[in-house]
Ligand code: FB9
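Before any questions on binding or motion, here is one chain by itself as C-alpha cells, the form predicted alone.
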C-alpha cells in the first residue's frame, strides 16, 4: 500500500515543474486514498528530500447524527410547534409524546417555551405562534455550516456556535495535513538508499553504483551493557566463599538424574517411604533404571534395610532391586553426599576427616506457593570426623548463618530417616514478621554410615537449606516466584542492590 501511495504522490508532482499538492487531505479524498497512508509516505519521502512539505493545521465543525436529522426534518422545537398548531387546542404531554416522539418532545418543548412559542395551559401545552411567524434558525444554521464544510466564519457568531455545541449538534475537529511540493532530490521514481554494505554488493560490484544513506560518525552509539548476576547467583557466590573460608571443599553436583539407590536407599530411607511416591518425586521414564551400583555396597545396604546392624533391627521388609534401580530427578543433594562419604570410606589410605559442601538444583513434586517451588537450589554442608556431637553441629550452623547475616535462629526437633538426632532450622523474616523454616540438619545415623565402611567412632554432621529463602530474606522478597521462575522480572538483575555480608 505504501509503495502505491508513494508512487501516486511522485507521479502527481511529475505533471509539471510547478505541480504541487495544496492539501494532502483534499488530495487523498479526491484520489480515494487513505490520508494516514498519504501522510506516512510524505514523511518517508521527506527523509531523502524527494519532496518538501509544509504542515497545515485545519479546524472545522462536523454535524452530529442528531444535527443531520434536524437538517432533514427540522428542529425539535419547530416539530413540536407544528404539532401544537395542527391540534388547534393544544396537546397533553402524553399526546405530544405520541405525536412527535419522547426525545423530540423533551427537547422541543423546552425550546418552544424558552422562545415563547408555546405555554402551559393546565395539563396541556398550547401554541402562541403560527408556523409563519417563526423561522427554524437551528436548521438554517446547521444547513449553512454543512454547506460551508464546517467553517462558521461569516455564517454565525461565536455565541451561536457555542449554543450548537452546548446542544451537542456540532463538534470541533482538528486535522493536520501537508502542502507538498518537489524537493531538492526529486525524481519521478524513488531509489531507496542502502543502509549497509553487504557481501552480495561486494561480490557483484553493485556497491560502486548503489546510493548509501549518509553515516554520522560522530553519533554516540547505543550503550553497551555487560552481563548482570541474578540475585540467586550473587548469594550463591557469597555462600561458596563463606563455606570455603570455613574449610569446606565443593562436591561435584552436575548430575541431576540419580538412582533411587543413592537418593534414598543409601540414606537408610525405606522403600515404602511416602517421599518415594510419584506425588513427591519426579521419576524418569527413559531411561527408567540405572545401569549399576557398587555390588558389595548394595548388598550391605540391603542387609541393613532387611535385618539391621550397628544396634538397629532394620525395617524388616524385602528389599527390592528394581525399586533401588529406578531413575529420578534428585530430590536433594544428599544423594551426592552419600556417594562422597562412600568414596571417603574406601579411599586409599583409609578414612581422613573432611568437610564437604554443595550448592545445586534439586526437584520436588510440590504445590507452588509464596515459599515453595517444585525446582529450587539446595545448599548442603557436612563434616565427617571422629567423635562429633550435636554441639558441633549447632556451632557450625550458627557460624555459617551469622556469616550470611541471619542471626536470629531457632532449632526445633524433627525426624529424618537418615539423621538422628534431627533439627529443623528457623530464621526470622523481618518483612513477613514471622519465623520461616530455612533449613534442616542432623547427625547421620549409624545405619547409613556403617554399610559405607566408615570407622565406628566417625560421626557425620550435616545441614541443608534452600538458596532461595535466605536470598528472599536478604533482598526483602515476599514471593519466591518473583525470584526464580518464568515470572521473574528480568530488569531485577540490573536493579537489585548489592548483597553485603558482615564479617564475623
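Numbering follows the first chain given and starts at 1. Worth saying up front: this structure is predicted, and the values here are computed from it rather than measured.
Another form exists, predicted in complex with the named molecule; not displayed. Remarks below refer to it.
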(message) Does the named molecule, in the predicted complex, lie within 4.5 angstroms of each residue among 380, 404 and 464, using heavy atoms as the measure?
(response) yes
(request) Work out which of the listed stretches, 441-449, 44-52, 31-39, 58-66, brings a heavy atom within 4.5 angstroms of the named molecule in the predicted complex. (result) 441-449
(request) Name the residue from 147, 203, 366, 277 that puts a heavy atom within 4.5 Å of the named molecule in the predicted complex. (result) 366
(request) With the named molecule left out of view, choose which of 361, 234, 429, 143 has a non-hydrogen atom within 4.5 angstroms of it in the predicted complex. (result) 429
(message) So in the predicted complex, is the named molecule close enough to residue 418 to count as touching (4.5 Å, heavy atoms)?
(response) yes
(message) If we define contact as a non-hydrogen atom of the residue within 4.5 angstroms of the partner, is residue 457 a contact of the named molecule in the predicted complex?
(response) no
(message) Is residue 473 near the named molecule? Define near as a heavy atom within 4.5 Å, in the predicted complex.
(response) yes
(message) Please determine whether residue 376 contacts the named molecule in the predicted complex, using a 4.5 Å cut-off between heavy atoms.
(response) yes
